[in-house]
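Read the single chain below, which is given as structure tokens and is the form predicted alone.
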Amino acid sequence: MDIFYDVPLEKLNTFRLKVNAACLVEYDTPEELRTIPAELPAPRKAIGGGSNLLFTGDFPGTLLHSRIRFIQPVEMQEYVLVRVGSGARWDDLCAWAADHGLWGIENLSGIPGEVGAAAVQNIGAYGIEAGDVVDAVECFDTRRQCPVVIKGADCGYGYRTSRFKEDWKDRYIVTAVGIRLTREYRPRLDYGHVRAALEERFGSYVLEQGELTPARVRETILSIRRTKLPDPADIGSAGSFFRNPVVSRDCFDAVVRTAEQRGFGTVPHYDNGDQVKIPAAWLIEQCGWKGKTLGHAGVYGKQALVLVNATGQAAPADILLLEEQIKASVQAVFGITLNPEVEHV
């Protein structure tokens, strides 16, 4: 375990904001969490790679960052259980699974961040969420000061959320995650343009003959993401900044009327029972924000859902101001309140 004071966090947040933490603890085993000195500054917060965080200023307390990195597969009768350290990079796990011909997380390839944070945030893309494959989450309970194992079914996974973000917030520190994968041929292609992209890349016969592999799907997903999302190494961002709003049928009908009146065209949407999910990116784009900058912050020119550190010199206040102005625009035009997916710290 290493303890650092007055730590620059530019490398621990993918927005690359120049903020500091009073203290940073990096630990290598779950047992070390018992021995963190009591005198370290409060509050304490566990973080992953900072890919879903917006630091709103310098952090006055102690950040806890896992260096527990391992991938341990166990063959089961119905599936392959893979136990993964919380500090392992999520995309390294996706690459490992694809290399071993295992299905289940190939559509989640390319998402930045670490495995522990993925289980907390319930990351998702192209019709798959982390919660779909989480078997169990190993944690350190900061209240009882002991390790616990929580079944995936008990984590309350929902759209970009979990109990770790709600009633369990900051209680549990994830140390490892059990992921269920399978060797059974199980591609999931009917979200967005995944199927069309695969057919273009490999030919329709590959799909028709059942010759896809997790590696081929992963390769295609990575290609799609490169065309839509900035590489945080080049442009600071936290990926998708807002959640896609899920609204009532009446609200959706009102959005359709607004779109017709203003010439916005057909409203993209996904039916969800008696509710409708509308892409936040579409709402933001119709309000004129795509590619627009405000001071040092901006909206990515290829994907309106992504806010960026446009000049590399953005301060937290720049991102916060842009966020509020986008929310105000969408509220004024469509009557919909956008909620951030990115956690504000």
Ligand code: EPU
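From 1 onward, residues are counted along the sequence shown. If you're wondering where the values come from, they're calculated on a predicted model, not measured in any experiment.
Although not depicted, the form predicted in complex with the named molecule is the subject of the following passage.
Site check 292, 312 and 323: each within 4.5 Å of the named molecule in the predicted bound form by heavy atom
Answer is no for this spot.
May I ask you to state whether residue 202 is within 4.5 Å of the named molecule in the predicted bound form, using heavy atom distances?
Although the named molecule is absent here, residue 202 would stay clear of it in the predicted bound form, with no heavy atoms inside 4.5 Å.
With heavy atoms only and a cut-off of 4.5 Å, decide whether residue 218 touches the named molecule in the predicted bound form.
No.
Contact label in the predicted bound form: residue 163 to the named molecule, heavy atom within 4.5 Å
Result no; residue 163 lies far from the named molecule in the predicted bound form.
So in the predicted bound form, does any heavy atom of residue 180 sit within 4.5 Å of the named molecule?
No.
Tell me, please, which stretch of 42-50, 284-292, 29-37, 61-69 lies within 4.5 angstroms of the named molecule in the predicted bound form when heavy atoms are compared?
Heavy-atom contact with the partner occurs in 284-292.
Report the residue, out of 113, 214, 239, 85, that has at least one non-hydrogen atom within 4.5 angstroms of the named molecule in the predicted bound form.
Comparing distances to the named molecule in the predicted bound form, the residue within 4.5 Å is 239.
Pick from 252, 264, 126, 157: which has a non-hydrogen atom within 4.5 Å of the named molecule in the predicted bound form?
Exactly one residue meets the criterion: 126.
Where, within 3-20, is there a heavy atom within 4.5 Å of the named molecule in the predicted bound form? Residue list please.
Heavy-atom contacts to the named molecule in the predicted bound form: nothing from 3-20.
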